[in-house]
Ligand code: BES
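The chain below stands alone and is given as structure tokens, in the form predicted alone.
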Amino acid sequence: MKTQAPSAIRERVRDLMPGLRVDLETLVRIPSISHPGHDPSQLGRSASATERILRDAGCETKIVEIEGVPAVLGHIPAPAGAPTVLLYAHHDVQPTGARTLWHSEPFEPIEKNGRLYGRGTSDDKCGVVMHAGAIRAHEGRTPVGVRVFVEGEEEWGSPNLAKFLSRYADDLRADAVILADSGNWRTGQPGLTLSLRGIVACDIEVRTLDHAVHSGEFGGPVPDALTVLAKTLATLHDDRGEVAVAGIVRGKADPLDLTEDELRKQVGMRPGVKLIGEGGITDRMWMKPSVSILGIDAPKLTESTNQLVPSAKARVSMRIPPGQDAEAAMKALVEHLRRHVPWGAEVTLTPRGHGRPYKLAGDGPIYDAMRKAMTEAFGRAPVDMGAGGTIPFVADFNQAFPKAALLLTGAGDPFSNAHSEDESVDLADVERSTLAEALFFEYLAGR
């Protein structure tokens, strides 16, 4: 097979971008929310659109289902003696949240200042488009074998992923796996994600009364459940903002060049709000635990009355760093909450599941090939970075294919607002990330 010069591949990807953008917009218009309570037929539509995009790129494709959830498999045979790479992405998306918080319709993509806005633009329908574009850059005749796996329930925790990996192992086995569900260090600067925090979560319900009573007549000696819950949740951090759950692993991370000013801009932090915790910023985001209160069940303000609330519930999420056992972390979180419920209130604690943290070695010829490809595509070397979020399927892929090199990539950046309103992706970074993957095929083949 003829070797393509990097300049020729670059030109080819540039020519492909209008069509790739159309493909991305087509996917974004499909509200493929995998959470229960949403229309499951949209996942079927999204899988069909994904299958068509990959088939048109040059793959042999098929849609497969486990427990009614559709995933898309693709295949291009390897040239004689060439390695094989598995390309992963997911076609499902998060719920939109309150539509009033969006500045445009979540499922109607719109471009503003070089960014494409819409649910799934970054997480993770751009991953589908990147893979298709990298294959198209070689006109479907890739210098390596290609296998593609696009699942449809990542945003719901990939409950059937292990079954997919086991049942279709022969369709997925590869020397390298590109997991395009991460992102870049910043816009225009590539990143290779080498560490991920894990997650444990539980629900806490406290009860002080059989039923609500008049807050004026009985307030004083009788505690209400919301106050009990607030005092309990407040014990999860100390006065400095450090996580107060005992026994959780803490580590150190490369500080890189992230400043507090840049971080504040990335997250839209209000001017008077201070950072919490101690240590370097990347330490706190990647290698130390964090605790968040994801939601509280209690009367809404518009429904509240002058009564003592008898019960209240909250969902508590704790991110855990690499090296921390997830089951031990869940036990520590549950026990901390149980011990700190004040005034003898009744408490019920319900674990909600966990995801394991992960750390990649990030060295060897396959990583060298990806770093070379990223440097060529972006004009600057990639950053070896961590991620504070959790991608549980990384451990599943490692278990299923222990000899394969896992590479976490993606076209998103810190301003992409994944899982929030106004999700977006930088279109220039979609092009650069697609080019990097196309060049990686060449370099992985040793050409």
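Computed from a prediction, not measured in an experiment: that's the story for all the values here. A residue's number is simply how far along the shown sequence it sits, counting from 1.
Not pictured, yet referred to below: the form predicted together with the ligand.
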| property | result |
| --- | --- |
| Among the candidates 232, 324, 182, 311, the residue which, in the predicted complex, approaches the ligand to within 4.5 Å (heavy atoms) | 182 |
| Answer option from 373, 199, 146, 225, heavy atom within 4.5 Å of the ligand in the predicted complex | 199 |
| Close approach of residue 44 to the ligand in the predicted complex, 4.5 Å, heavy atom | no |
| Contact flag, residue 390 vs the ligand in the predicted complex, heavy atom cut 4.5 Å | yes |
| is_contact(residue 171, the ligand) in the predicted complex, heavy atom dist at most 4.5 Å | no |
| Contact test in the predicted complex: residue 125 vs the ligand, heavy atoms, 4.5 Å | no |
| Answer range among 73 to 81, 324 to 332, 153 to 161, 302 to 310 for contact with the ligand, defined in the predicted complex as heavy atoms within 4.5 Å | 153 to 161 |
| Candidate site 10, 131 and 380: all three near the ligand in the predicted complex by heavy atom within 4.5 Å | no |
| Heavy atom contacts to the ligand in the predicted complex at 4.5 Å, residues of 87 to 106 in sequence order | 90 |
